[in-house]
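Below, in structure tokens: the form predicted alone, a single chain.
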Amino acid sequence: MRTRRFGRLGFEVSELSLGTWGLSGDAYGPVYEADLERVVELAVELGVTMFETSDVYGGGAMEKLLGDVLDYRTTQVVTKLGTCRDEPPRKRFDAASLKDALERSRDRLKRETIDVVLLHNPPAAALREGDAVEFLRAEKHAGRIAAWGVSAGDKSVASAAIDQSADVLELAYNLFSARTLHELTDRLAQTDTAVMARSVLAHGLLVGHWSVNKTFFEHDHRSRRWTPDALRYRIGQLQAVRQMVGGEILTMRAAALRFVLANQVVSTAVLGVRSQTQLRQLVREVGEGPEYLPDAVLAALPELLRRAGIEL
């Protein structure tokens, strides 16, 4: 497992991180509980040092899992705060709510100092107004967190996070959703902000195994993400990705992950696996890189995607 510098914070992290939303059962449906601990243990065995979670994943169960399994001396944990699991769920970014949530997270994670705390998909206004940013800065100064940042849902939020000098920015970044990161590349490089790339396989779409008639279970978030027509259109666009497969790039899954890692602005790519098999496959298919993708593939990629209606 190769490592990368985590922005201006200076320390090294594994280029692949383990995300826990998929393991929680909240995203794609139930996961065998007996497998949860083993997936985390396997990630450590394979060299993963950074683990990404949220205080609401599994109602806090994913934080507790990481707290029970991980050694705080050799791993980093990134957790997200700001989502309240009311009915319906709502966002709370006031200092009082964040303080309560942070204390619960520290207890579950069994860490006096949490490595990174991110605001969980806030609106841009929550970063420019209110007391969320000042709260996180104060907690960093007090030593209860080592770094803070934002898990951003769009460019306006990401830009506001950079404006506020966030240490870390988490963004969706994949072959179908690359423009926001690309448009912010210069600012991210100038500020030396650590970048966590999430949704690197577009929630499984970029694996390339689905038929045009694919359906999802009711409790799978993808059942609400795409209409049937939108999903068929996206699957049609995958032909552009298939043309990247060849040589050492054995699968579409490998091409998609290597695309993310080929961007040196990315500090770590967050994997949303649900099993040991998926984790082993992805770690193996990264290959011996860099180079992650041949120069010829990278040069041809913008035109391939443009023809499919995708702009990098």
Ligand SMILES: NC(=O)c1ccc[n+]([C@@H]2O[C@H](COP(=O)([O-])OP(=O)(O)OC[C@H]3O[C@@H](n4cnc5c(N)ncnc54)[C@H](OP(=O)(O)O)[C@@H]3O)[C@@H](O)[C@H]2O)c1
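This one's a predicted model, so the numbers in the text were calculated from it and none came from an experiment. Numbering starts at 1 and runs along the sequence shown.
What comes next is about the form predicted together with the named molecule, which is not displayed.
Which of 265-273, 35-43, 242-250, 64-72 sits within 4.5 Å of the named molecule in the predicted bound form, heavy atom basis: Comparing against the named molecule in the predicted bound form, the contact stretch is 265-273.
Contact assignment for the named molecule in the predicted bound form, among 144, 232, 92, 203, heavy atom within 4.5 Å: The residue from 144, 232, 92, 203 that makes the contact is 203.
Selected contact from 48, 255, 282, 261, since only one has a non-hydrogen atom within 4.5 angstroms of the named molecule in the predicted bound form: It is 282.
Close approach of residue 292 to the named molecule in the predicted bound form, 4.5 Å, heavy atom: Although the named molecule is absent here, residue 292 would stay clear of it in the predicted bound form, with no heavy atoms inside 4.5 Å.
Residue 207 within 4.5 Å of the named molecule in the predicted bound form, heavy atoms: Answer yes; at least one heavy atom of residue 207 falls within 4.5 Å of the named molecule in the predicted bound form.
Residue contact check: residue 105 to the named molecule in the predicted bound form, 4.5 Å heavy atom: Residue 105 lies outside the contact set for the named molecule.
In the predicted bound form, residue 222 touching the named molecule (heavy atom, 4.5 Å): Yes, residue 222 is a contact residue.
Sequence-ordered residues of 115-154 touching the named molecule in the predicted bound form, heavy atom within 4.5 Å: Stretch hits, in order: 120, 121, 151.
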